[in-house]
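What follows is a single chain, given as structure tokens, in the form predicted alone.
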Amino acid sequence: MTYITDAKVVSHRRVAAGCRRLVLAAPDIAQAVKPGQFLHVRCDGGTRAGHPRGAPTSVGRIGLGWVGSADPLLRRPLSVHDADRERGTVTILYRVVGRGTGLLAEKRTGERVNVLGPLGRGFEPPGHPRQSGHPCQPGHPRQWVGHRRVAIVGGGLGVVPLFFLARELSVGVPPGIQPANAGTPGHSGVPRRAVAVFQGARTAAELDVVDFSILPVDLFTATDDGSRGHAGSVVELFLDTVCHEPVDWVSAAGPPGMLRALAGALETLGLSGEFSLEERMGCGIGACVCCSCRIGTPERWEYRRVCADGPVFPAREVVWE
């Protein structure tokens, strides 16, 4: 179910230069949303015709009609950073880059923000353990039978939706994703957890925008300038690490260059996974098809809409241009 509602601002604060964290009271969306999905946020102060503020209603019954300011005309697609199903809140973390997000940044606690969501296809890690051998040694005995460990790889602000995924997998562990190796010494001499997060950024300050250290995950960091963690790309760090601490599945989001390099790494390692793609969106519901991408094989592909068919796609099916 998708909802459109005037959500009350619970809190709204600066988390880094140009980045803000917005918590909205939206119980229906909080219950329905899955990691990787997004909200389409109206950034002006318009009101919905014929419906009182704060009354969530399904899109199918009311359409998308609005009255009020048409500036900016289009909503802004913003990934769900986290959701608290008990408190009925959803959190988005965004960077102020233009007029729309600039207006959104002016919203204060207690004001209302109209949101449409949850939208898109979210992450769907496998619910069953998969066999995997040592990825760096072809022909190595499949000694990791039944091993269950998900890697989450993100770069820049691409990590925003991955926080929700990491928390759901590590705290609210779904059936089939269990820390089966808990208590088993890993390469680092400590028990490995069910979720390994690889976070990359240009600088240490950018890493701090999303704090994975508060979650029960194994965290690996990389910075371009070497100010924290591995000095270099997060894909390099991922490759170096999984040679010693194998994973079974990879979920990722980030810049196209990073995802393209990671796709090559997964093919080399024989790993499967899923990528969340970023494209400029208009309607957010698949009508304008301005966010199309190529999905299939290099020889046989078709255009899919990132907003409606994605933003999460099987990693092996993304055709890079």
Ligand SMILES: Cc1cc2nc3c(=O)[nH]c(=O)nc-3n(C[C@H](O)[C@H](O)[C@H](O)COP(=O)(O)OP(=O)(O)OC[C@H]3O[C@@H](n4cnc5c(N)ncnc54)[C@H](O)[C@@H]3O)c2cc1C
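Values in this document were obtained by computation on a predicted structure and should not be read as measured data. Counting begins at 1, following the sequence as shown.
Keep in mind that the form predicted together with the ligand is missing from the display, and what follows is about it.
| request: Assess the spot marked by A196, L266 and G270: is the ligand within 4.5 Å of a heavy atom from every one of these residues in the model of the complex? | output: None of them does, since no heavy atom lies within 4.5 Å of the partner.
| Contact residue in the model of the complex, from T223, S251, N114, S79 (heavy atom within 4.5 Å of the ligand) | For this set of options, the contacting one is S79.
| request: May I ask you to choose, among L259, V33, C293, M281, the residue with a heavy atom within 4.5 Å of the ligand in the model of the complex? | output: For this set of options, the contacting one is M281.
| Picking from 163 to 171, 204 to 212, 232 to 240, 100 to 108, which part of the chain touches the ligand in the model of the complex when contact means heavy atoms within 4.5 Å? | Single hit among the candidates: 100 to 108.
| query | Does at least one non-hydrogen atom of R121 fall within 4.5 angstroms of the ligand in the model of the complex? | reply | Judged by the heavy-atom cut-off of 4.5 Å, R121 is well away from the ligand in the model of the complex.
| task | Would you please decide whether V217 lies within 4.5 angstroms of the ligand in the model of the complex, comparing each non-hydrogen atom pair? | result | Contact check for V217: no, nothing within 4.5 Å of the ligand in the model of the complex.
| task | Classify V150 as contacting or not contacting the ligand in the model of the complex by the rule of any non-hydrogen atom within 4.5 angstroms, answering yes or no. | result | Contact with the ligand, no.
| said: If we define contact as a non-hydrogen atom of the residue within 4.5 angstroms of the partner, is L157 a contact of the ligand in the model of the complex? | reply: L157 belongs to the contact set for the ligand.
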